[in-house]
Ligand SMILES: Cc1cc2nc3c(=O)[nH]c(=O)nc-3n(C[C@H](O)[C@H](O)[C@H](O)COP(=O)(O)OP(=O)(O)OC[C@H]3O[C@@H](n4cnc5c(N)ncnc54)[C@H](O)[C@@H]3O)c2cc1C
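A lone chain, given as structure tokens: the form predicted alone.
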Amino acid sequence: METSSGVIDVVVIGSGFGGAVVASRLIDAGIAVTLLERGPWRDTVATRSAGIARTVPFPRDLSLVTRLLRSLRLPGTPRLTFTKHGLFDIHIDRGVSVICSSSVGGGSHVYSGLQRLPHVANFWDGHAEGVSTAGLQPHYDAVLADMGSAQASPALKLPNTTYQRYANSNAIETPPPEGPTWLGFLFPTEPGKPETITDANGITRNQIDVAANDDGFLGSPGGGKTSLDIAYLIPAMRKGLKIRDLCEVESIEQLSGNAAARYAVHVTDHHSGRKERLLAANVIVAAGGLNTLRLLLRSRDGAKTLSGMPNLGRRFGCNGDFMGWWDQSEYGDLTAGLPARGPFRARGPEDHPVLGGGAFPAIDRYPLPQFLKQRLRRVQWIAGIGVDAMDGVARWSSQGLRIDFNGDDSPVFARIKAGVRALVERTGKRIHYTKNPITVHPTGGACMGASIATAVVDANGEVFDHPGLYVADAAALPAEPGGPPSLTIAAWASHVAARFIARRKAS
């Protein structure tokens, strides 16, 4: 049985780099916001200090088995959900696999902490009137300030960087990063001597201990990584933001004949098991690139509660993501350090693509035999990133969300694989990778543009044929940034919020 409520001014769906930023900006402007997040609050030093009552630990020890995976979708089958408390969702289709996460704070708990401007020059120019690279720059600056990000430098004295590891290698070189790099971590004032601090918002956290490597892709229990719950959500709650965790949105319904409520948001509260119908004047979708598309497509083509959006699902891309695993036993234990360790590529006259890499986190907490833990200490993951053709299509089928993407249509993947083969030839060490792309940066499908003929949302982030419905995450990006996208997603969300606030004030 569905229950209804009074009309909410703004409902934000998702609490990642899009949802957390847009909700915080609106709250700062005095606008009432309810944020819905399908994942749980995570048990960290920070959330305990903030008095968050219901939390779920990150997967460690035996819970690595029971809480690592939230859901799995295999080709041609419906999505299978294992536990509402799981950290990762894996969507495997015939041409691409997508990995995303589920927590209050979204992907900030599991990303590498790298923050960069787009690698594509003039990234925002030429897509829609009123959106420009120069116009977005203040939003980038504001997000970096909010996150307290530190610019990468030797002064941080980070161990196990690629610059240290390959300094004397005849096979591998380490080019400088493409543009400035910021790191979303709380570093010790004195390198190597982390302390526990309480920030200006009264949130307690531990400075990152790079020797422990416990602040990586399985979360940051001590708070060394600056996740979005720390930077935006808890401070916004103290100003009035209402956050409902473990509240999964099933569909969005466009209403007619009600001047106050333009949409009904149908949700399942996983705390109580109840179905609810929330009425809203405005809905901002920021559920993450993959889940935003799933929700909008399900609403239009499954539940039939939305219509129009002729370009929904088109221009889906992977941001050139490529992942592999590399045995580097000759370098000893690789675990100390940040999740990502810096750029590298095969040495030689050829213009090989730049790759990144890092070690697996928290290995001592894996429920594995000791010999296997020792082996994992000497293995690093590698990743390529770039700009693919962005020609994939996401659609709704009888089995749920379906993605059609062919990596062979994008020269970036062939180039990265050629660079990987060059590394294998020069080092004699095998690198394992899959045939099809594995992406953690799904992009597009609800792209921003000049008109409904080519795009889904306008320069304000508002869906062309659905007033009051917005997209504020990677699904709306008009192109691929070609580098880590978190900062660009956050800047877009900040822009969407600024436009919303300006229009609210004008009216």
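Predicted model, so just to flag it, every value in this text is computed and none were measured. Throughout, we count residues from 1 along the sequence that is shown.
There is another form of the same protein, the form predicted together with the ligand; it is not shown, and what comes next is about it.
Asks: Check for me: heavy atom within 4.5 Å of the ligand in the predicted bound form, for each of Arg38, Ser102 and Pro485, yes or no.
Replies: Each of the three qualifies.
Asks: What is the one choice in Ile431, Leu114, Ile363, Ala152 with a heavy atom within 4.5 Å of the ligand in the predicted bound form?
Replies: Of the listed residues, the single hit is Leu114.
Asks: Just one of Gly313, Gly107, Gly407, Gly224 has a heavy atom within 4.5 Å of the ligand in the predicted bound form. Which one?
Replies: By the 4.5 Å heavy-atom cutoff, the listed residue in contact is Gly107.
Asks: Quick one: which of 45 to 53, 458 to 466, 58 to 66, 30 to 38 gets within 4.5 Å of the ligand in the predicted bound form, going by heavy atoms?
Replies: Flagged stretch: 30 to 38.
Asks: Determine whether any heavy atom of Asn291 comes within 4.5 Å of a heavy atom of the ligand in the predicted bound form, and answer yes or no.
Replies: Because a heavy atom of Asn291 falls inside 4.5 Å of the ligand in the predicted bound form, the answer is yes.
Asks: Does the ligand come within 4.5 Å of any heavy atom of Val249 in the predicted bound form?
Replies: Val249 belongs to the contact set for the ligand.
Asks: Are any of the heavy atoms in Ala474 no more than 4.5 Å from a heavy atom of the ligand in the predicted bound form?
Replies: Yes, Ala474 is a contact residue.
Asks: Does at least one non-hydrogen atom of Ile284 fall within 4.5 angstroms of the ligand in the predicted bound form?
Replies: Taking the distances in the predicted bound form, the answer for Ile284 is no, it never comes within 4.5 Å of the ligand.
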